[in-house]
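Encoded as structure tokens, the following chain is the form predicted alone, with no partner shown.
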Amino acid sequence: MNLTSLELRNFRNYQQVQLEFDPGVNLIVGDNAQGKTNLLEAISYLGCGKSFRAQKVSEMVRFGEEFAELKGTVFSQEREQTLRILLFSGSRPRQMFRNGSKKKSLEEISGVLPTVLFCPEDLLVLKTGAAQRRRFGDIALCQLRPNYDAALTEYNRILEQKSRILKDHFENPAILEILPEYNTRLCQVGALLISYRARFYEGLGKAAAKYHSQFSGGSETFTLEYKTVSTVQDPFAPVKTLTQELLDHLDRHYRAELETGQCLTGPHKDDFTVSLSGIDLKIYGSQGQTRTAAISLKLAQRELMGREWGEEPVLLLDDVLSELDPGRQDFVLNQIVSGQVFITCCEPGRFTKLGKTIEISKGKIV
């Protein structure tokens, strides 16, 4: 699988650009704030329909323009395919096309261009708050399991509505009559999320442990543990069982949620921890151990996606090599033995032997 060409129009700082890529390593060089990360964001968004940076779609549309266009030609699933996405600066919903045919959901473009992105922030994901780790897992799962994306969207929608009820009940107590209905639906969808996450993190942990063992020369044992609602005894249990356990947990927190006016518990609080030979990495891990574990997680993610799609996903390395010492750089580069890779770098001469070099300056190709 590889992205053979990409056209951008009014995307971030790119007014209009057309690029062709090597099926192996593509080195994107240029000074800071020239558009290197924007290019990787465009590739990632074209593949999964989600941005690893923007909170709103409008942020990706060039300032002063009404829309942005992303179009890629991909050799995938043993044939050439095209992906096209239109983003709008206002409230108009985006439009997605696969091979010229308009699609309604991400599920319909899923698998054409799976990507794995690794950026400097990911090196610290195991040291930051739970929200960043949930985002890491959600982005990966939305590509692996399109139905997960739909469930996550539905869960967040219901959660937002429930939050509004809890905030408004102080002035309008009668609104609490509909709260049980929202709680039930929230638990039903939340149980689906837990089921998906448990299986994903189990596979991710096993694959990451293998990479970390190679990285550390077998001196440390990598263990990943998924953390969810305390009443869930077995996250691999049937969805019906998980739903009831979530309902039981909400019942226990009913009074506290009314008093605070907030949704205090649920899968939106989920997290995962990583330990090395029994030592909690978040609390006791060194910077080197944290980075090694984070690299192992990303390589594991790529492996899981490769198994799922039967093709190596495109690997996006956003200035991550410059953040690593030479030994860790070598380990990452030695894992790039197949598949297409995009690497951004500020130093033009540093990795020039890797493959094709593309220099970016102010949103244009030099």
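Quick note: we count residues from 1 along the sequence shown, nothing fancier. So that the term is clear: the rigid core is the largest set of C-alpha atoms that superpose within 1.5 Å between two forms. As the structure is a computational prediction, the values presented were derived from the model and not from experiment.
Although not depicted, the form predicted together with a small molecule is the subject of the following passage.
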| property | result |
| --- | --- |
| E308, heavy atom within 4.5 angstroms of the small molecule in the model of the complex | no |
| Distance check, N13 to the small molecule in the model of the complex, heavy atom within 4.5 Å | yes |
| In the model of the complex, P313 touching the small molecule (heavy atom, 4.5 Å) | no |
| Proximity of N32 to the small molecule in the model of the complex, heavy atoms at 4.5 Å | yes |
| Which of 55-63, 321-329, 294-302, 335-343 sits within 4.5 Å of the small molecule in the model of the complex, heavy atom basis | 55-63 |
| Threshold 2 Å Cα movement between this form and the one not shown for V320, core superposed | yes |
| Core-superposed C-alpha of K298 shifting 2 Å or more between this form and the one not shown | no |
| Per-residue C-alpha change between this form and the one not shown, E308, threshold 2 Å, rigid core fit | no |
| Cα distance between Q289 and V320, which in the model of the complex differs by 3 Å or more from this form, closer or farther | closer |
| E220 and V320, C-alpha gap in the model of the complex relative to this structure (3 Å or more) | closer |
